[in-house]
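Single chain ahead, by itself, as C-alpha cells, in the form predicted on its own.
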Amino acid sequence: MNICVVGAGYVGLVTGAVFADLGNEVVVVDNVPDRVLMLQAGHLPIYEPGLEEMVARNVSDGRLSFTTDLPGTVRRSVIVFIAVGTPPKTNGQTDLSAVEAVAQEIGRAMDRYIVVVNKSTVPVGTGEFVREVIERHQRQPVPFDVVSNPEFLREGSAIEDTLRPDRIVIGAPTQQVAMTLLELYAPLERPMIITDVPSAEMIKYASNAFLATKISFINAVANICELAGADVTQVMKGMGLDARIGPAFLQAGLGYGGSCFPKDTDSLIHTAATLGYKFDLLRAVVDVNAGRTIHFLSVIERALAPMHTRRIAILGLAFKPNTDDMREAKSIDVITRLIDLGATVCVYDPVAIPNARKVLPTLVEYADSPYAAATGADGVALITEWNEFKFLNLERLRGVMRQPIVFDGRNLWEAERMRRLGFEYYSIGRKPLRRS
C-alpha cells in the first residue's frame, strides 16, 4: 500500500518506519529541508531505541524515503497520515495551524480519492475541521474521507508500542472507510476498535488525562505519607495489586512531563470549557503536578541551605528514561531554581545533554559520567530514573562526594540500603534518613 506520512517528528518517523517494516511503500514528508537532508543521510533528529536501525533497514530495502514534496507524494498515495505537531497555546488550547496548513495542501494536491488520517493528537471536532479545510482548497471536487487514528506511543518504547499496541482505535465515518485502515493494521493482529470520528478523538485525550490523574493521585498520597510516616512505595504496591487499579502509572515522583500529558490535560480542560463544562477534577490534577518540583526543591533547600555555597550534581535530564526529549522535563525547573539560588550545578544524562544545552541556563556544568558529576558535590539529586543509575556503584558515588546527601526524585534506590551505605537520603513519600 502506498502511504504518505506528513511530519518527520516523533510520531511521523515511528509511524512511517513501522508501516514500511510491514511491507508498505512509505514516503515521509516534512517542510524542513535540513531535516529531510539529515534523514536522507541516515541521521535521525530524535533518539528512540531501535528506530535508527529500523529506518536504515527500510531505506536500504527501498520501502521508506523522505522528501519535502507533499503534493507529489499525496497524488501517489492511497492513505495520507497527518502527523505534525499540535503544540499548546498559552491558554491551553491546541494550536492546529500546522494541521490546517497540511490540510490545505492536501486539498490543492489531490486528484483522486484518498483517505486522510489524523494521527496527530487533536481535540474533538478536528476531523470535521480538516474535512472543511480540504473541501475549501480543492481545485476540483474530489471525494475523500477523514479518519481519526490516535497514537498511544510511549517515548522510549515506541517501536514496541506500535508493533504490539494494547488497542488500535479507528474513528471512521463509514464501515467501508474503516476497512482500509483495518487492512493496513491487519498484520499486527492486535485488538481494534471502530468508532465514529469524535469518539476516537476523545479516546486519546481521555486516556492521557486518566493516566495523568493516576500520577497526580499517588503524588498527593505521597505528600500525606511524608506527614504521617508511611511509605508510599508500600502503599503503591498494596493499591496496585487490586485488579481494578493496577500498578501502571502509580509511581510517586516528580510528576509527569514530556510532550503529551501536560499538553493533553490542558487541551481537554480547554475543550471542556468551550463546550460549557468546568473540568475541576482535571484542573486539580494539573495543579498537583505543578507542585511536585516545588516540593522537591524545598527539601533540597532545607537540607543544604545556604545554597550559594553548595555544589549539586543532577542525574538525569530527559523527561523520562530512554529518550532525549527535554519537553516539560522536571530537570529544567529544578536546575533553573538551583542556579537562581546561587548553587553550582553539574549534570549528567546518558543521551539528552545535546538537547539539554539548548534549554538549560548557561552556568550549568556538564559531566561525562555520574561519578564525574558527583565529584565534590554536597548533594546528588536524581531526576530521571535511567536504568544505569539503578546499578551505580553507590560506594564509589559516596566516595567522590563532599557530603553523602542524596535526593531521590524517583524512589529509585532502597532506603535501607542507602542508610547502610552511610547516605543522608531524601526520597518521595518516605521518611527521610538523616545522619545522626
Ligand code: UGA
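Keep in mind that this is a model prediction, so the values were computed, not measured. Quick note: we count residues from 1 along the sequence shown, nothing fancier.
Absent from the display: the form predicted together with this ligand. The rest refers to it.
Just one of 96, 220, 79, 250 comes within 4.5 Å of this ligand in the predicted bound form, counting any heavy atom, and that one is 250. 211 is the sole member of 273, 339, 163, 211 with a non-hydrogen atom within 4.5 Å of this ligand in the predicted bound form. In the predicted bound form, this ligand sits within 4.5 Å of a heavy atom of residue 410. Interface membership of residue 123, defined by any non-hydrogen atom within 4.5 Å of this ligand in the predicted bound form, is ruled out. By the criterion of a heavy atom within 4.5 Å, residue 154 is counted among the residues contacting this ligand in the predicted bound form.
The closest heavy atom approach of residue 257 to this ligand in the predicted bound form falls within 4.5 Å. The chain is drawn here without this ligand; in the predicted bound form, the stretch among 110 to 118, 202 to 210, 128 to 136, 172 to 180 whose residues come within 4.5 Å of it by any heavy atom is 202 to 210.
Shown here without this ligand, the chain has 319, 320 in 290 to 322 lying with a heavy atom within 4.5 Å of that partner in the predicted bound form.
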